[in-house]
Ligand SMILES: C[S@@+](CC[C@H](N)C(=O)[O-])C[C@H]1O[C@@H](n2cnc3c(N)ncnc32)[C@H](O)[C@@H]1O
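Below you will find one chain, with nothing else, as structure tokens; this is the form predicted on its own, and questions on how it binds or moves follow later.
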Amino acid sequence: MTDPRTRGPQRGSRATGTRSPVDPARLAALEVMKAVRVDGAYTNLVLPSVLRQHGLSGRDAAFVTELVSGTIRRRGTYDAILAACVDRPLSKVEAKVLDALRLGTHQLLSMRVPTHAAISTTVDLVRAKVSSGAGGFANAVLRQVARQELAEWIGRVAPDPRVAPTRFASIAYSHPRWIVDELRSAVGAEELFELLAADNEPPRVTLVARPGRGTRDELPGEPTPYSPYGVVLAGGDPGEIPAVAEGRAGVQDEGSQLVAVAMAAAAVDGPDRRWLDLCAGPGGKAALLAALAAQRGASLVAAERQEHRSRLVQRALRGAPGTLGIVTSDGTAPPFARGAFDRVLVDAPCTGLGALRRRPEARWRRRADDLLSLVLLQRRLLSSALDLTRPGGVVLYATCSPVISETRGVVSSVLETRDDVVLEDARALLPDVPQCDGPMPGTVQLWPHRHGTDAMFLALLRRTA
């Protein structure tokens, strides 16, 4: 498959006096950008169908994936640069044209695309999808963008970090200001820029072998440093790997694998037969937990409130031993008896600020106002999980967010209201993971810049008599 990054002038280009054909890779990228902007789609979910529609695979598919994901991650930086090159507010630029300009800017400043190819293919795209006049506008803007490198542009459009550190970080590292503030509180000022930079790096594709069904040895790639079940895929389509296609393995970030590993490693007093994943969608952790439970002679119940996510859990657990049932129910009012489970996982809905590498659109959709409702929900879910756990059993509370109010704040508030719960040392469950101290003693916090994982938080709570 021809790599679009190396394409030169094509037959029928403007040099011959006729309109150049639109590059299918760039056209696919623009369609994904529109789906994310208009339909609220998630990049990773809409990409496969768009790639299939355009018949793109291999290096072309990889190009589109990086073009779209990288553009959305760095949108804040690129918009500041484009604002310096456009003679009107960006809000006055037609949305389709602005999407194309962002794609062109990413190619010019962050990808190995020759300048002439980045500009000409973007202009062709705008002319085909909007108008010739809009194409001329795009040509003029991108030629200005191409005059400087990314670092030079940041030096021009971002303020002095010593004078306005939050605004500098927001522009230079493409994070909304409120997220910069939350991450600074969580990781500290010394590591902040390193964390923000890690959020802008394309994540590695990580696979997990489900014990009893598949082995890590049969998966291609390098073993993950901390999870005994994972490998980092060097390249290619994971769906073409037999173990993945057959459901014996799956795609799962190492941080998520470690949540399941920690959940299974916690000691319980008494029987250990019934496990519950209270917020199971879309099913990755549940599939690994079911495999681990089956090896112990235990069974997993997976609960998920949303019907469409419940169907994803069913798909993930299809054929999995150790699965007792899949229930569509609200985790704050589940249809289970008090004390019915020996161990419960609460992978609570959260802002998702720990997975900004994988969900590039999340940083632009979330608002600071979302925090309060999420924290209240997280408290209710954790309290519900504790009620469902028998004395001597354990609850593992996890979030894909390092935000203090979603981590330490939730755990502390629930502990203050109960005298039948103690916080135990979750770090002992992951002894091989360095520098993982969480925001309160005994909790775990993983980081993209330290561990190469999503920023997962873990806290282990035990029900007492």
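Heads up: residue numbers just count along the shown sequence, starting at 1. Here the structure is a predicted model, which means the values were calculated and not measured.
Only in words, not in the display: the form predicted together with the named molecule, which the text now covers.
**Q** Within 4.5 Å, heavy atoms only: does A209 come near the named molecule in the predicted bound form?
**A** No, no contact at 4.5 Å.
**Q** Any chance L381 has a heavy atom within 4.5 Å of the named molecule in the predicted bound form?
**A** So L381 counts as contacting the named molecule.
**Q** Would you check, heavy atoms only and a 4.5 Å threshold, whether A280 touches the named molecule in the predicted bound form?
**A** Contact with the named molecule, yes.
**Q** Should V395 be counted as a contact of the named molecule in the predicted bound form, where contact means heavy atoms within 4.5 Å?
**A** Residue-level check for V395: no, no contact with the named molecule.
**Q** Counting only non-hydrogen atoms and a 4.5 Å threshold, tell me whether R305, D330 and D347 all contact the named molecule in the predicted bound form.
**A** All three within 4.5 Å in the predicted bound form.
**Q** Going by heavy atom distances of 4.5 angstroms or less, which of P203, G221, G284, G214 would be at the interface with the named molecule in the predicted bound form?
**A** Contact check passes for G284.
**Q** Pick from R309, R365, K96, R143: which has a non-hydrogen atom within 4.5 Å of the named molecule in the predicted bound form?
**A** In short, R309.
**Q** I need the one stretch from 194-202, 348-356, 98-106, 77-85 whose residues put non-hydrogen atoms within 4.5 angstroms of the named molecule in the predicted bound form.
**A** Checking each option against the 4.5 Å cut-off leaves 348-356.
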